[in-house]
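Okay, so here's just one chain, in structure tokens, the form predicted on its own.
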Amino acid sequence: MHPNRSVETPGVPLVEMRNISKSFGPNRVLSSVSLTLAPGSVHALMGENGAGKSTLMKILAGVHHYDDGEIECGGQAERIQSPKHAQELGISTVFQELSLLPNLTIAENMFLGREPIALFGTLDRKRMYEETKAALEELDLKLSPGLLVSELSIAERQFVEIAHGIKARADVFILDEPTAALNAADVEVLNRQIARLKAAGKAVVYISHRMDEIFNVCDTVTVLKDGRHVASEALEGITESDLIGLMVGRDIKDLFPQRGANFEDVLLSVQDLKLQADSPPVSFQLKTGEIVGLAGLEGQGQQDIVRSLVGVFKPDSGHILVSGGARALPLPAREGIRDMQRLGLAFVPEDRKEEGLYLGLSVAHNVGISLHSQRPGLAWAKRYKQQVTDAVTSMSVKASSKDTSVGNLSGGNQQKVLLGRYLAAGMKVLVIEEPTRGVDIGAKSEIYTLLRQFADQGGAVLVLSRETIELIGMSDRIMVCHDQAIIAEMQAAEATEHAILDAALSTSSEANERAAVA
């Protein structure tokens, strides 16, 4: 897609990615993934959270470099070195995080880094204005090139990003969740622009979780799962149910302990939690012995819900009751976590290294810190030697001694140390994000067992995970989030990945019925 390269040769794809593999450290995120983008096509790229979609597109956009495989652009082999190189090859990316600078005009953004120079070395603003105006008009956008980007709506910024790609003579457009911030009218405008790009022989990669959009806009779909290529199919020949099946199609592994049976006293009650003033109210309960999973597509409010319970996120309003102690929401940012711990609720964050553990301190210090935090600030220090020993033993932490630095442990043992911190402190409710993130398969099974033992001994667990199969296997009940609300609830023993994804994609009050039927 260099200016001197013909991209309209019949049968030659605009882009062909073959057997692309990528690892970040020991974590393999893509394994021999292939993708072909034909001229005049709109290609959906789908998969659950963590399937590898964004990594694959960032490789095409020059943000990441692949470890193995090859890429051809217009029939010629290319090693895309940087985002600028990708743009030179005719690849334009509109990520969810828009890249326009709000303090510059539309025209200044369009020519950023390649400003035309007039006589005497001055900026050729007339040319910038005229060429920007032509690019906007090509998309039927009646915007002045002199407008500051800060004055544009989210939808208008999205369209300016696309116009930027057209101005740069791009042949491939990557749209990552392009309608996430658009209303229905703006979606129609976007669809018309996509149709224009298709008619002009461009290729569009369309990443979205919204099934209706996929079937309305796209011609072909490629499905990724766990970093592997599952299928590439023409959408004309498959149904929505078929597509969901391709995205989730695996059985639960034999990793999980037996579910709980007796759920009696309410340990945690959340009433009328509103993340924002105009958000729907969220209410739910956890009972003794119960593990409740919180599912949903990325960014639908589930993390904000759990973090509201400890003051890390500041909601608009609500109430929380823990073991008989009532508090109004939002909780104080500085004291919320300690206040909840005094009531018996502990929080295990997703990023254990940045938010949970003290990597330079020993296993004993990391476990004992919760015991120290329960005492008055001026009290004499205690060693809590036996409690720490009991916790480390019950967690089966693999370390040479309790004096070993936590930073030297494996991911699974670090997670067990973090869990041991709150078990030693006698917590009753555990709120945990991504319990097995970066953990090997053996440690996963151990962590599932530890959480079940915690619940069986009279505790309750609220767990947030992007792995649907994990939520089904370890939970007793699953709540599904969409648009800052809990829109569906189901018993985990009867749940399927299909039912959860179907509910997560729903925008109506029928979600519970659909999940139950599935």
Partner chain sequence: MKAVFAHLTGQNSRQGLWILPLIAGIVGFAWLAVSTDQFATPQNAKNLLAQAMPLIIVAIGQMMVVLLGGLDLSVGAVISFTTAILALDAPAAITIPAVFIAAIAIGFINGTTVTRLNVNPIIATLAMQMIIMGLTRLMRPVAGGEVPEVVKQLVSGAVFGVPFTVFWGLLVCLLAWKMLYGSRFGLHIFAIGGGIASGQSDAAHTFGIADKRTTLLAYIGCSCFAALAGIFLAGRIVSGDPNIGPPFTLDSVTAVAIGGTQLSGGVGSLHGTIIGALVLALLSNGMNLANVSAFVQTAIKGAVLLAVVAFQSRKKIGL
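We call the rigid core whatever largest set of C-alpha positions still superposes within 1.5 Å between the two forms. It should be emphasised that the depicted structure is a prediction, and the values quoted were computed from it without experimental measurement. Positions refer to the first chain, counted from 1.
There is another form of the same protein, the form predicted together with its partner chain; it is not shown, and what comes next is about it.
Asks: In the predicted complex, which of the listed residues (63, 469, 450, 492) lies with a heavy atom within 4.5 Å of its partner chain?
Replies: That would be 63.
Asks: Just give me the single entry in 259, 125, 287, 167 that has a non-hydrogen atom within 4.5 angstroms of its partner chain in the predicted complex.
Replies: The option sitting close enough to the partner is 125.
Asks: Please name which of the stretches 143-151, 202-210, 264-272, 226-234 has residues with heavy atoms lying within 4.5 Å of its partner chain in the predicted complex.
Replies: That would be stretch 143-151.
Asks: Heavy atoms within 4.5 Å of its partner chain in the predicted complex: does residue 330 have any?
Replies: It does not: once its partner chain is placed as it appears in the predicted complex, residue 330 has no heavy atom within 4.5 Å of it.
Asks: Answer for residue 443 alone: is it within 4.5 Å of its partner chain in the predicted complex, judged on heavy atom distances?
Replies: No.
Asks: Should residue 87 be classed as touching its partner chain in the predicted complex when contacts are defined as heavy atoms within 4.5 Å?
Replies: Residue 87: yes, in contact with its partner chain in the predicted complex.
Asks: Any of the heavy atoms of residue 99 lying within 4.5 Å of its partner chain in the predicted complex?
Replies: So residue 99 counts as contacting its partner chain.
Asks: Check each residue of 109-123 against its partner chain in the predicted complex and list those with a heavy atom within 4.5 Å, in sequence order.
Replies: Sequence-ordered list: 109, 112, 113, 114, 115, 117, 120, 121, 122, 123.
Asks: Has the Cα of residue 123 moved 2 Å or more between this form and the one not shown, judged after a core fit?
Replies: Yes; residue 123 is a residue whose C-alpha shifts (by 2 Å or more) between this form and the one not shown when the cores are overlaid.
Asks: Could you check, with the core superposed, whether the Cα atom of residue 360 shifts 2 Å or more between this form and the one not shown?
Replies: Shift of 2 Å or more: no.
Asks: Would the C-alpha of residue 289 be classed as shifted by 2 Å or more between this form and the one not shown after rigid-core alignment?
Replies: False for residue 289: its C-alpha shift is below 2 Å.
Asks: Having a change of 3 Å or more in the C-alpha distance between residue 299 and residue 57, I'd like to know whether it is closer or farther in the predicted complex than in the form here.
Replies: Here the pair is closer than in the predicted complex; there, farther apart.
Asks: Flagged pair residue 65/residue 299: C-alpha distance shifts by 3 angstroms or more in the predicted complex. Which direction, closer or farther?
Replies: Farther apart, which means the C-alphas of residue 65 and residue 299 are at least 3 Å more distant in the predicted complex.
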